[in-house]
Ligand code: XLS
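Below, in structure tokens: the form predicted on its own, a single chain.
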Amino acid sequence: MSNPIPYRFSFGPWNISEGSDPFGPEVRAPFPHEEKFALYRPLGFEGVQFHDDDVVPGLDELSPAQFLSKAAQVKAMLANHGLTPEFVAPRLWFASQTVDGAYTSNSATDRAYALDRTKKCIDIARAIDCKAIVLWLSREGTYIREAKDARLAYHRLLDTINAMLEYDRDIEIWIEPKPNEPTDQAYVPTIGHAVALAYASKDHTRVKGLIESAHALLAGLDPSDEMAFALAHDKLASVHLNDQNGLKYDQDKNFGGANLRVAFNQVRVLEDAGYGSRGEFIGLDVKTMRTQQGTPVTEHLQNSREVFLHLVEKSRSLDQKLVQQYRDARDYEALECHVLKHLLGVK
């Protein structure tokens, strides 16, 4: 058994969400963010994932003094509940200025808005004692490839990262790759692209990656391999564990809900690398099923956390000597059977 790691868990307030989608009425009533903080600790979570306007609603209409005052209130609420802000991400996909991308927009005015909003996000993060900024580059891509100069777009992304590093000399930037949705094809679809941007930046030690299981699956990749690549470069700042039923829209299903073996290998890779030993969070980005009734609904978070912890025990109790024997003998049929029996609890 590897050295036990006391894993810390996080989720975002949007994971306890309203029950609506584009195809029907609400099935659950809205639940205010402020009331969600009281649910974290009883559920076994201590980290809070934020967008900038989760901390400060209506950010674009407020002065610096106003949004920093609001951030101070949220900092106090977190302290009262014993919670830690894991990261703050600029929400750059709802504003009219970011319809065609933010940092890679063809409009200089829109790019200026995106950078200004990002600097506000950094100020908000520091105001709540958080040093991590997540960049989910949601609209940094195209619906048709002729719409933008892709080479120039990558230079603009790198320029933005460097501007952020210069604006605050202590923050870390965590890039969260995703291959599509809402754009047809994104410019930073995998962790390899994110790591390349990190090494090209002015301070690569402060540029890392955040890997979401479903995003890797949407790229046709195995999440555990993506995690292993980032870990090999000491670039895995955080994870968003969930699951995905095929190459569809981003489903945010319960961790292990679609493919338990894929989930197991993610846990195994994290365990083997000692992930979490420096305080890294196990982030969950899961949504409850649309049909689920009640307010608030938290079972999806509890279930995903429980599955993760069960798989931790499965990883720690896997007979590593036997695994190595099968590897040395190149007997992968026996290895696969051993893993499946282990997951099934069969001797």
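These numbers come from a predicted model, not from an experiment. One-based numbering along the sequence shown.
Form predicted together with D-xylose (XLS): not shown, discussed below.
Looking at residue 134, you'd find a heavy atom of it within 4.5 angstroms of D-xylose (XLS) in the predicted complex.
Proximity of residue 167 to D-xylose (XLS) in the predicted complex: non-hydrogen atoms within 4.5 Å are absent; the residue sits far from the partner.
By the criterion of a heavy atom within 4.5 Å, residue 255 is excluded from the residues contacting D-xylose (XLS) in the predicted complex. At the 4.5 Å threshold, heavy atoms of residue 28 stay clear of D-xylose (XLS) in the predicted complex, well away from it. In summary, among the residues 123, 110, 176, 271, the only one with a non-hydrogen atom within 4.5 Å of D-xylose (XLS) in the predicted complex is 176. Note on the partner interface in the predicted complex: the residue among 263, 217, 236, 89 having a heavy atom within 4.5 angstroms of D-xylose (XLS) is 89. Residues placing heavy atoms within 4.5 Å of D-xylose (XLS) in the predicted complex fall in a single listed stretch, namely 134 to 142, out of 273 to 281, 77 to 85, 134 to 142, 197 to 205. With contact defined as any non-hydrogen atom lying within 4.5 angstroms of D-xylose (XLS) in the predicted complex, 285 is the only contacting residue in 281 to 304.
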